[in-house]
Each structure stands twice: as C-alpha cells, then as structure tokens.
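For reference, the chain that follows is the form predicted on its own, supplied as structure tokens.
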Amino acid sequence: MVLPELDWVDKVRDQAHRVRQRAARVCAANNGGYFAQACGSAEILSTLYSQLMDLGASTGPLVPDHFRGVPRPGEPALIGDIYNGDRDRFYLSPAHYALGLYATLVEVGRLDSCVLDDVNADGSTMELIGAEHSPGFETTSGSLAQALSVAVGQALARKRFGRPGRIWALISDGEIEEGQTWEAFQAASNFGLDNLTVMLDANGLQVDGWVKDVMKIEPIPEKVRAFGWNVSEVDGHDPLAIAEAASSFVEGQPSLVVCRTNPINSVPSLEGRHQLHYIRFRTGEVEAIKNDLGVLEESHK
C-alpha cells in the first residue's frame, strides 16, 4: 500500500500532469473529447495505479488488437481486465473517463503510447466510451452506476469464497442521482464488504451542466455514512491525502473516499466555460490549453 517515504507523491503528481498532457494531445487531434474528466481524475487514477492497487502484472498486449466482435463459440472477445492483473480488481464506472484511464495505463507501462492515436478510431478497442473489450475495463458501464453494482457483487463473492484481494471502483458524483447507486451502497453495507473501496470523483459536473443546478445531491459524505459506510473526504488532487484515506479500513464496513476535484485542474484557460462535459474546442483554445500544460508540438508516441 502506501510507502513510508514521500518521494512517491511527487512522482504521482508528475504522472498525473503527463496524463493531462496526453489527454490534451488526443483531444486536440480530434478537435474535442472528454477532456475535463481526464483532467479532474488524473491524480485519483495515478494514485490508484501507482500506489494503492495490488493488481499484478498485465497480460494484455502493449498494442491491443482491433475489435474482433462480441464473444461467440470459438471466438472469445478481448476482455479489458487482462490489463489489470489477477489480484485486486478495478472497475471504472463512468465509462466516458476512458481517455484518462488509457493515458494512465500508458504512464504505468501497461499500454504503449502509440495506442492513443487509435482512441475513437473505427475498429479500435480504444473506445471513446470504454466497454468490456477496452483496455482496463472489466465491464460495460456506459449506463452510469452499473459498474458499482458489479464491484459489489465481486466483493461479496470474494468474501464468501474467502479469496484475498481488494475490489476498487471509481464512480462519479453524477451517479449519485441514480437509484442503482444507492441500492449498491445499501447492499455493500448489508453484507459488510470491508474488502471494497470506492473512489468518488466529485467534480460537480454532468452532461446537462453542473450537478448542483440539475439535482441537489449533497451532503454526500453524511448520506453514505448513514448507510453504514466508512467515509472520508479529501482534496482529489492531493495524492497523499487520497492514499491515506483509501488505506483507512474499518472492519465490517465498505469504504468511500469522496475526492473533491476541479474538472479543469491545471487548465486555467477553460475557466468560465459553461459546457465542459464534452468539449468542442473554439478558436484559440487548443493553443491556450497546450500552453497551460506545457504540451509540445510533437507526437505523443
């Protein structure tokens, strides 16, 4: 889990910055994308993959094959979980965070950087909205809240079979509006799933605007704590705070870490922009974002 030395914190911060740079290059090449999600979750994903999760070695190719179709007799489909090893398991619930996940997998050596050229390309497994055949994904979760329920089921199965390893999930605050999320919270508490840790990217953003303007969901920590969870609240851009909170377990209770994040962290040129869920760049924005992040005019390969 967390190393006693603190030099890893700077390494994770640097890695998160490179995740943003890689996301910026991909979105610039496609004149848009789910850029804010990668910016806001960069420290969460980097801390998970570099410091918290005990995944084991990836068995996935550094450059994944193109999509071969759905599973059928004699032709099994590529399953993205092979990039996450065989010990702990990780579920990314907001599938439109895929670019941030791919960039993180590149940073930790589980994917070759050249694969970012194939994000959202025809026939590629590097889906814009990740699916079960996309690197790093264990299940399709394009309908928000599905992956949390799968994570609860996996944690319950490990409990009942006495299997080691931790189940990790990353969800978004928009999912708090989904009834399935609360059913999963209730079930996890009921079964005492202390082998489950959920990271919540609370960036205040959803497809129709700001969460507070669409549906009032706060106070999240108090609500989930009332369901019987061990709940922490941290700055989602502070790797040390994230790691310490996620390493704090309570016997018999699942854990939730509410990570308060800024969806345009490190990109001040996007301040004041109303539409951030899926960004289509305006004149001059690409250059401004590259200047914010120090992105050079070179290939991300």
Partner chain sequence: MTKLLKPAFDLVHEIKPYGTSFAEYSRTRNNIVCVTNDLTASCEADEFRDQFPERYFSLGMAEQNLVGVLAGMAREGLTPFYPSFSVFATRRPYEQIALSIAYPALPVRLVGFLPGLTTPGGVTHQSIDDIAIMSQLPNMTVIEVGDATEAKTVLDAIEDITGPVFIRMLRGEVPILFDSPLKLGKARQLAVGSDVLVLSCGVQTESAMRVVSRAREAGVDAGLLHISTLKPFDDPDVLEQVARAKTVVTVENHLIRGGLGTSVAEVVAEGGWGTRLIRVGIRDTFTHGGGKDYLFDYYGIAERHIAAAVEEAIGRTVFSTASEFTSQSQLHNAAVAEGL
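Numbering follows the first chain given and starts at 1. This structure is a prediction, so every number in the text was calculated from the model and none was measured.
Omitted from view is the form predicted in complex with its partner chain, to which the following refers.
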Within 4.5 Å of its partner chain in the predicted complex, do S50, W168 and E222 each have at least one heavy atom? no
Quick check on E107: any heavy atom within 4.5 Å of its partner chain in the predicted complex? no
Find out whether any non-hydrogen atom of V250 is located within 4.5 angstroms of its partner chain in the predicted complex, and reply yes or no. no
Any non-hydrogen atom of Y278 within 4.5 angstroms of its partner chain in the predicted complex: yes
Interface membership of G272, its partner chain in the predicted complex, 4.5 Å heavy atom rule: no
Which of these residues, Q154, N195, Q206, N84, gets a heavy atom within 4.5 Å of its partner chain in the predicted complex? Q206
Here the chain is shown alone; which of Q146, S189, N230, S113 has a heavy atom within 4.5 Å of its partner chain in the predicted complex? Q146
Residue stretch of 99 to 107, 211 to 219, 196 to 204, 154 to 162 approaching its partner chain in the predicted complex, non-hydrogen atom distance within 4.5 Å: 211 to 219
Within 166 to 190, which residues come within 4.5 Å of its partner chain in the predicted complex, counting heavy atoms only? G174, E175, E177, E178, Q180
